[in-house]
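One protein chain, two forms: both are listed below as structure tokens, the first as structure 1 and the second as structure 2.
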Structure 1
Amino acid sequence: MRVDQQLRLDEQLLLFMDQLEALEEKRHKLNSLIEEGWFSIAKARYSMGNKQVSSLQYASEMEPLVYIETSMLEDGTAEFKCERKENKTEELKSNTIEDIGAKETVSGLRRRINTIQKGVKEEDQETDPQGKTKAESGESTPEHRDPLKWFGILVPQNLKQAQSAFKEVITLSAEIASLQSAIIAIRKEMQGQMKEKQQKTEKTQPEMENE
């Protein structure tokens, strides 16, 4: 039992060290990406003007484009996963193109037979507003939501570079948060096991002395 316990402690210690190393690596990457982002923002500010890249440009209404999916594991560790809304808006766009394609073939068929036309026209009228609203929402939501648009229609490349740097930072932040949670959980477990080990050695020591 004791040997097993010690082996388990050793394994946990090695895992703990590996996680610390991974955390340090990701931290280093995060810090350099953030610095890159600031540098790009500073360059954009230099070309656009001081007041053109500041909190004055923030929109009065904002909608988040990135969410964090959290889940709690059995050992008390929390896992964080980053999800972007951009992918969903791209799917919407592709759906609308398919709908438009289908509508075109239907409209082609419409010209052939009058009786069928009426039934199809009614359907088209129902689908057209939906299709239009879909297309409008698909086209307008990505543009409307893109924070880059707050700073003007034609923004310098530096601001786009800053945006992509910070997007990567956000993804890394989720990974670092997961690692941090795992490190704290392992630390707690190891502390508990070390205390148990200490208590057992304290019990066996007086027995040995009595012998």
Structure 2
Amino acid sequence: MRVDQQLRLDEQLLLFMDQLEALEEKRHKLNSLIEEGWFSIAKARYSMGNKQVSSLQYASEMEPLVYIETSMLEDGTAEFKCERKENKTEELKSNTIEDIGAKETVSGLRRRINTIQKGVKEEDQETDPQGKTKAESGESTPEHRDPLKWFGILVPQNLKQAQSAFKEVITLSAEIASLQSAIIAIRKEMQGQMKEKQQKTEKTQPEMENE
């Protein structure tokens, strides 16, 4: 029993050290990405002008594209996951394309009629009964949801690189939070087992002295 407990502590200690090493690597990568993102923004401001890349270009109504989902695992640790809205939009687009491709066995005349009907439907959807467009009625499209569009249609490559870096920062932050939760949980478990081992050792010492 004592040998099994010692092996368990050794395994936890090795896992604890591995998690600490992984946490240090992720933190280093996180800091590098943040520096890279701000450096890219500085380059974009230099090429476009300070006033063209600032909070003045923010949309009046902003909708989050990333959500953080939290869940509790069986071992009591918290897990954090990034849920991106744009990924769902891309999945819907790909599914629609696959469905259209599977049904492309109709005649050319029928495809032409469907295309005309589809164009009429899109025009009807662009305006509501009050004559408001989709943008005016508050509905957002994937193009308008992209924050890069706030700064213009043709933005410099540096601004795209900054966006890519900060997207990775969000994902990495969730991974770091999950790893920190796991490290705290295993540290508490190790402390409890060490305390239990120490209590058993203190009880056995008087017995050995009496013998």
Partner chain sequence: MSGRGKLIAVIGDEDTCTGFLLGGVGELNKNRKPNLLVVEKETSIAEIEETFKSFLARSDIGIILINQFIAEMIRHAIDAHMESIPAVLEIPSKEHPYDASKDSILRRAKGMFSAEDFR
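We call the rigid core the largest set of C-alpha positions that still match within 1.5 Å between the two forms. One-based numbering along structure 1's sequence throughout. Note that the structure is predicted; figures quoted are calculated from it, not measured.
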For the form predicted on its own, pick structure 2
Using a rigid core superposition, assess whether residue 32 undergoes a CA shift of 2 Å or more between structures 1 and 2. no
After superposing the rigid core, is the C-alpha displacement of residue 152 2 Å or more between structures 1 and 2? yes
For residue 54, decide whether the Cα shift between structures 1 and 2 is 2 Å or greater, given a superposition on the rigid core. yes
